[in-house]
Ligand SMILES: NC(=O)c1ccc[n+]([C@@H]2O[C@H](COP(=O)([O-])OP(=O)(O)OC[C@H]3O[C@@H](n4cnc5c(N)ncnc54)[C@H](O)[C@@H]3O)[C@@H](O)[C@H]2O)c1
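Form predicted on its own, single chain, as structure tokens, below.
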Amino acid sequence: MSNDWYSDFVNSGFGKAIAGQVGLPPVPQLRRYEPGQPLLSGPALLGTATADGRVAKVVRSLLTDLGIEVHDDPNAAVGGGSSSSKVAAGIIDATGLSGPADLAEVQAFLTPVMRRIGPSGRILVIGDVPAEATSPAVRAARRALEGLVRSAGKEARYGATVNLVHVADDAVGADLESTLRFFLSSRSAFVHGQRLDVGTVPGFSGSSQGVDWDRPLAGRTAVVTGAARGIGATVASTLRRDGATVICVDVPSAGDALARTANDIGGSALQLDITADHAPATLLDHAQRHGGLDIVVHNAGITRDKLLANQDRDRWNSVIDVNLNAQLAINDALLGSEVFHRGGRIVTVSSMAGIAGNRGQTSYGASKAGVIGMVDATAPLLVEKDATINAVAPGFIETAMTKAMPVGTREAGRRLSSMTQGGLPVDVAETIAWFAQGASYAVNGQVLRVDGQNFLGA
């Protein structure tokens, strides 16, 4: 049994029958990643909206190399079944749009796909970056894809996801591979109704050739703050699963839990208050003993919830210091040190509170919005080191903290998403691990929501 009584009920034999009779919303059971799992669980449909589409060949090559059955006609019979048989993915190359009239081709492909997509299937729309278009008609068509995807996401059923990837004009096939693998795989189970830009910052050099996709972080050293428990502990475990050596950091008062996390994954533990003046230097010194750092995950965070009318300076400052100022100080130290290796990855945890806001969380929302601003400004500074910085913005995630919420608040958090459920810590961890990959070099300065398409701010 999970912590979600409603999900357990509507997915039980008796509950499913009752839910169907009275119209209760279903809670899909999501397919999540397990080592050795294939990228897709069945055939894929692949379409192009224009003759100028430039990424369909890349997608087809990836899928066929993996032995996945690919069809161009969205009404084709697949897998030995009929033309109505379920498919595991539908991908439309919508690059090269010349104006709004071309959107009809996107619709013509996606309409049958929406009917045929199977449980935990993947629908992926790939378009050009709107800001790179100078023509109003072209930019309008490119921008229209986001409204289409967000709306289609709210129609998808059975745990299927719908997402949009914008590809910069100068991006090449290798720039896309890690992104395609992430959005098509079950690693992105709770990433839904979202948009991501690839290759929007010039000057990167990198390659996806020779990557061990089962252990893409092999040989890399990571540090995870707030690693003693919850999401941080899951992030540390996931990075280790993918091959990284992990330094687990948390405050001294969490020392026992921190030691357990580190021991469980064969990593090292560093007890450190990241708001201390000496924290950046101490962190770099510890990392130097491991030969330097390749990955930094800023996960540590606190809440001190109060209505703004009742807020006091000490509570406010404590949240800003942990959630924002400590990250700024550590990043400054990283950028000025050779301990942070070329090609490094910084991943930080923002929040939907920083995008949509939450009542009683003005300090927390401010700090998490500040994290997004930090990512925006830091991304260009990392280009000369072939390094990247990106943020994950979780929605409602099932943790010890959310378990302690009043039942009404907790249930609202779970149901206010297209997937009618909360995410799991591993959903956040999988996204962080993908950002941390060397092959994700063309993804920089991005904020990706892991929220099951939360209705607030989505």
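Numbers follow the displayed sequence, beginning with 1. These figures come from a predicted structure and were not determined experimentally.
Although it is not shown, the form predicted in complex with the ligand is what the next lines describe.
Which is the contacting stretch out of 98-106, 69-77, 146-154, 293-301, given heavy atoms within 4.5 Å of the ligand in the predicted bound form?
Going through the listed ranges, the match is 293-301.
Just one of Val246, Ile117, Ile231, Val347 has a heavy atom within 4.5 angstroms of the ligand in the predicted bound form, so which one?
Going through each option in turn, the one that passes is Ile231.
Considering the ligand in the predicted bound form, which of Asp273, Asp305, Asp264, Asp386 comes within 4.5 Å of it through any heavy atom?
Checked against the cut-off, the match is Asp273.
Is Gly90 near the ligand? Define near as a heavy atom within 4.5 Å, in the predicted bound form.
Close contact is absent here: in the predicted bound form, Gly90 is far from the ligand, nothing within 4.5 Å, heavy atoms only.
Mark Pro394 yes when one of its heavy atoms lies within 4.5 Å of a heavy atom of the ligand in the predicted bound form, and no otherwise.
Output for Pro394 is yes: heavy atoms within 4.5 Å of the ligand.
Given that the ligand is not shown alongside this chain, does Gly121 nevertheless sit within 4.5 Å of it in the predicted bound form, heavy atom to heavy atom?
Taking the distances in the predicted bound form, the answer for Gly121 is no, it never comes within 4.5 Å of the ligand.
Contact between Gly226 and the ligand in the predicted bound form at 4.5 Å, heavy atoms?
Although the ligand is absent here, Gly226 would touch it in the predicted bound form, with heavy atoms inside 4.5 Å.
Going by heavy atoms, what in 341-377 lies within 4.5 angstroms of the ligand in the predicted bound form?
Heavy-atom contacts to the ligand in the predicted bound form: Val349, Ser350, Ser351, Tyr364, Lys368.
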